[in-house]
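Take a look at this single chain in structure tokens; it is the form predicted alone.
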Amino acid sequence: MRRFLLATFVFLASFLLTAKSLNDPADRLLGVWEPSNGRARVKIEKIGTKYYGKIVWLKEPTDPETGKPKLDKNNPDESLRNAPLKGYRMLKDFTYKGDDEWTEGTIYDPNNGSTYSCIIKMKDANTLEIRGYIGIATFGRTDVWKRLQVPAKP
């Protein structure tokens, strides 16, 4: 009987935790997003309590000079210049602050090898404003990202 009660308790606890995470407003950020230039797609995932985004698709995945996958050739860390851009984690360490805003994270721009402080604001269920900045958010640049509708698996 004890085993049955323990198993029931564990099942209910895991069910409640899963249901809570599915209804967590912070998780609305999860999904695949396309920046306004259309040159990449970024999948935002949750790892622990923070949010990260990695490049999962590139419009031009190969380097025209080498014919090989594009590398992070502008990275200021020489040891990372041979890392492929596809799969590169460009959004890091975001935490949900409420009111559809994620802060305390950074965004990496592979075009110039710079990392910026960043704020993500969800304008509606399918639109993000991504603001990268140095110092204070007033002096930065905002890009609008659109959610990609991924077809459900059969």
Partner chain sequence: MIKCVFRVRFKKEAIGLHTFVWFPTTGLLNSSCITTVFHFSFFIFTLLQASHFPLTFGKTRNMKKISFLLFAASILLFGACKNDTKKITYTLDNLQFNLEGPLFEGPNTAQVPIQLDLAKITGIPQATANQIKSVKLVSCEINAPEGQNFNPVSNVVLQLAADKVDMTEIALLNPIPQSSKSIAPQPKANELSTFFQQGNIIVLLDATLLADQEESLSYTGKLSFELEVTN
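Predicted model only: the values in this text are computed from it and were never measured. Residue numbers count along the first chain shown, from 1.
Keep in mind that the form predicted together with the partner chain is not shown, yet the notes after this line are about it.
For Gly67, no non-hydrogen atom is located within 4.5 Å of the partner chain in the predicted bound form, even though that partner is not displayed. The partner chain is not drawn, but in the predicted bound form it has a heavy atom within 4.5 Å of Asp93. Although the partner is absent from this view, Gly98 stays clear of the partner chain in the predicted bound form, with no non-hydrogen atom inside 4.5 angstroms. Among residues of the shown chain, Lys121 is not one whose heavy atoms approach the partner chain to within 4.5 Å in the predicted bound form. Taking a 4.5 Å heavy atom cutoff to the partner chain in the predicted bound form, the contacting residues in 61-91 are Pro69, Asp77, Ser79, Leu80, Asn82, Ala83, Pro84, Lys86, Gly87, Tyr88, Arg89.
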